[in-house]
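The form predicted alone is given below as one chain in structure tokens.
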């Protein structure tokens, strides 16, 4: 990709003259002088070569693991080279959500393809052009369901912790009550859910699989929500949808999730992409943008923004959401990944994840790490052992293996994906077996 170059003095002068301003300082005349920063305490600038050397030295502080057995919301999947190479082209990297939309047919088509793929995965009628991440998508879904007489959001204490925090942050300023129910054996307690929902319940939020990796009875949860007159919002791991029932088949009104597993590297936690899809009935409450396909006056295929409920310029005071942008580039990468994999490829990835995770769970049990929860699981599971979690994880770390996520003194959340081999898993189990 070409280097980004600042404007020259001549170009800056020409731009100032064109708007009738003598200097850059005049652009800030409306800001009181006592509020302006007097000086930026910045170090001396570096040349390109010096910058590269500095970044190389900085990168050596990272620890690169040969084997990764941790997920908990950020997953290590193989990304085909086609995806990396196409996504690195400058016309994709520099393209932003268009404001004169119909002038940017390429971007609109890319978003349309992304929306179509999300609908295929979830079984829903409509998808938007993405939001920031999975946690953000769940919180936005909560706002879609909230009504004047229904302002109670119900979920379980087995969803991703970061998602729950974002939901509570959104709810606090909107006067929404968040009920967090305790799970039963790691999964949703259906009896407790029936007792918790009522006339004031706006929606029930469930993650499938949940944070502990268990596969939930999503259909029954949806039925309980609907019987109470509430909406059902389902958070999904997109890779698991190649094997599990779709949100639509489970009766969900809105499906959300994080698209990170779809070709986006873990990258120190972001940027990621939140996907949102819903039934046609809920479409007009969907935040962000929806791109549609039509024909122009010559009958040629064309793409347009069919709905953009962005409060930035439409009904600001009546808006359901404060979303002002999307993750168009990350959504494009997800589209490239799904196109490269195809339905069969995605299914094979999901099957490999499941196979390796179940092999790992069985092998760990043989060395004394028992599964905490006995339900079915996709590619994550929790183990309990008398040996402290810290001892196990430190032993793996010394061998270049990133172990699972420590949940408590004796509990670890493990994950296995298609990037692993049987030899990787055997090596990890052997090390754990020696830890006393």
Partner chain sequence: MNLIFEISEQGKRCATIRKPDVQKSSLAKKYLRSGNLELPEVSEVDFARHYTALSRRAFGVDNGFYPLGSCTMKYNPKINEEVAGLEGFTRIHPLQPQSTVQGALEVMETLQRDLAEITGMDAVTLQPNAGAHGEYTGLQLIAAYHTARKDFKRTKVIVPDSAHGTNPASAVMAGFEIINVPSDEEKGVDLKALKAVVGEDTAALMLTNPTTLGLFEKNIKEISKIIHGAGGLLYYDGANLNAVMGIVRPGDMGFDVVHLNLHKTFSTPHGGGGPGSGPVGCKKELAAFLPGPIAEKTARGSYRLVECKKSIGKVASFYGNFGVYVRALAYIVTLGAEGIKSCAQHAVLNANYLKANIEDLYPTEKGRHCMHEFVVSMQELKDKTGVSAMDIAKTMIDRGYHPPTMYFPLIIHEALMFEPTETENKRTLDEVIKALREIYEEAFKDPEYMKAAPHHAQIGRPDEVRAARQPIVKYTKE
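Basically, rigid core = biggest C-alpha set you can superpose within 1.5 Å across the two forms. Residue numbers count along the first chain shown, from 1. No experiment lies behind these values; they were computed from the predicted model shown.
Heads up, the form predicted in complex with its partner chain isn't pictured, but that's what we're talking about next.
By the criterion of a heavy atom within 4.5 Å, residue 244 is counted among the residues contacting its partner chain in the model of the complex.
Using a 4.5 Å cutoff between non-hydrogen atoms, residue 381 does not count as a contact of its partner chain in the model of the complex.
Taking the partner from the other structure, its partner chain in the model of the complex has a heavy atom within 4.5 Å of a heavy atom of residue 106. Taking non-hydrogen atoms only, residue 173 approaches its partner chain to within 4.5 angstroms in the model of the complex. Although the partner is absent from the chain shown here, 169, 272 and 376 each have a heavy atom within 4.5 Å of its partner chain in the model of the complex. Remark: of stretches 229-237, 190-198, 147-155, 132-140, the one touching its partner chain in the model of the complex is 132-140 (heavy atom within 4.5 Å).
When you look in the model of the complex, the only residue of 178, 361, 181, 340 with a non-hydrogen atom within 4.5 Å of its partner chain is 340. Interface residues of 23-59, taken as those with a heavy atom within 4.5 Å of its partner chain in the model of the complex (partner not displayed): 24, 25, 26, 27, 28, 30, 31, 32, 34, 35, 36, 37, 39, 40, 41, 42, 43, 44, 45, 46, 48, 51, 52, 54, 55, 56, 58, 59, in sequence order. Residue 38: CA moves 2 Å or more between this form and the one not shown after rigid-core fitting.
In the core-superposed comparison between this form and the one not shown, residue 426 has its Cα shifted by less than 2 Å.
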